[in-house]
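Below: one protein chain in two forms, given as structure tokens, structure 1 then structure 2.
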Structure 1
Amino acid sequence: MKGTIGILGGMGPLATADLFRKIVLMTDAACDSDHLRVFIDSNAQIPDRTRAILEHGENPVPQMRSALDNLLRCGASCIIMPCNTAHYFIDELRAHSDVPFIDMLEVTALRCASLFPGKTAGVWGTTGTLKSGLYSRALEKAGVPYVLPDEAGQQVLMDLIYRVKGGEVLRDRAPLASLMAGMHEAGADYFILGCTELPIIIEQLCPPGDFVDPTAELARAAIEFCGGRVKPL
């Protein structure tokens, strides 16, 4: 009997749609019934996570729990959250659930360790995600060496992220190329796309390099946890 995946979503809605699509596309299935059952609560009313962490904004946990309760009521066998920053609250949510949460940053860090052993990760993400130390802790636990962007590099990253959030299609490759060159110099061998806008930026600018996409890693981990087969590459 295969398990069912519960997606605590809405942070944001498009990232939730992207994760669901990746679960479907990465499942090795010849017909509908080879797929896993998936429950999604895309709760767009969850307050901004970064603002809650850095600026004492509204606590998002009650709305996150409302979605979690729905997924548990439907019978989800595991819970996943397609939002890097939301993992700041994962322990608080775990306290309310006997069903396992699969930690996106943890599976990403383990994947980095197995794909690029001994190599150094360059970690990209929003200022909120990086300042909270979420990736640093996950990578240290997995024994993955890493470097973070310097302040100017982080500015470039946030500028690109907000331009894509605003609907812009990026064409100028120079800012990203200079960020990558600087981080390569600081030791980065490959990059973690630790914000859901970053895979879109990579698709638009096609920079040469090695990347790890946490959304795809989360999809893979959830499929395997629930007894599905991941399509071989």
Structure 2
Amino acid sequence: MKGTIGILGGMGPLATADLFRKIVLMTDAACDSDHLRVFIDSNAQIPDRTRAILEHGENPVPQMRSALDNLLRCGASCIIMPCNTAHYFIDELRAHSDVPFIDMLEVTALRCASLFPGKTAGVWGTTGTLKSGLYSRALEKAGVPYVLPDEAGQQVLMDLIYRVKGGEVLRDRAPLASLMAGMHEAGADYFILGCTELPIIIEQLCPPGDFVDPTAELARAAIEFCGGRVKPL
């Protein structure tokens, strides 16, 4: 019997929908019944993770645990979170559950090592994700060289991320193009979309370049964990 996926979502809702869409599209299925069962708790009331990490904002863990409890009651075989920054709190959540969490950053780092051996990743993400060292630790463990945005580039990312969270459809590619050019000069060969709004931004702006999408890597890992088949590329 195949396993079931529990999505601890709402961080944000569009990113949660993007993960579910990718699970469906990436599953090698000939009919409805070939797909995996997926439970989703999209709790948009979970407090901002970056503010909690950097500004002593409201602790998101109680709301995250409430959503986790719902998924456990549903019978999820594994838990995934479509929010890179939320993985700062993953150990607290794992302590509350016997069901495995699949770490988005770990599977992304391993994918980078496989797809781009010896090449340097440019890491994009929220300020909370990057300043907390979440990706730095995961990439160093996987032996992946990387560069981070400078302060101006990070501000560009945060502006784009929060505009998408606010429902805006982006059309001006210039800020992102400038960021990419600067990071290419700093040594980046490709880019990790280390915030779950970033794949949506890339879909809207369609910049040229090579990207690794952690949302897609999380979908791939969850499908395989639960005994499903991933469509060949």
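Whichever C-alpha set is largest while still superposing within 1.5 Å between the two forms counts as the rigid core. Residue 1 is the first residue of structure 1, and the numbers go on in sequence order from there. Predicted, not measured: the structure shown is a model, and the values here were computed from it.
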| property | result |
| --- | --- |
| Pair member which, unlike the other, is the form predicted in complex with another copy of the chain | 1 |
| Threshold 2 Å Cα movement between structure 1 and structure 2 at Arg51, rigid core reference | no |
| Rigid core superposed: Ser66 CA moves 2 Å or more between structure 1 and structure 2 | no |
| Shift of Leu176 between structure 1 and structure 2 at or above 2 Å (CA, core fit) | yes |
| Per-residue CA shift, Gly167 (Å; core superposed between structure 1 and structure 2) | 4.3 |
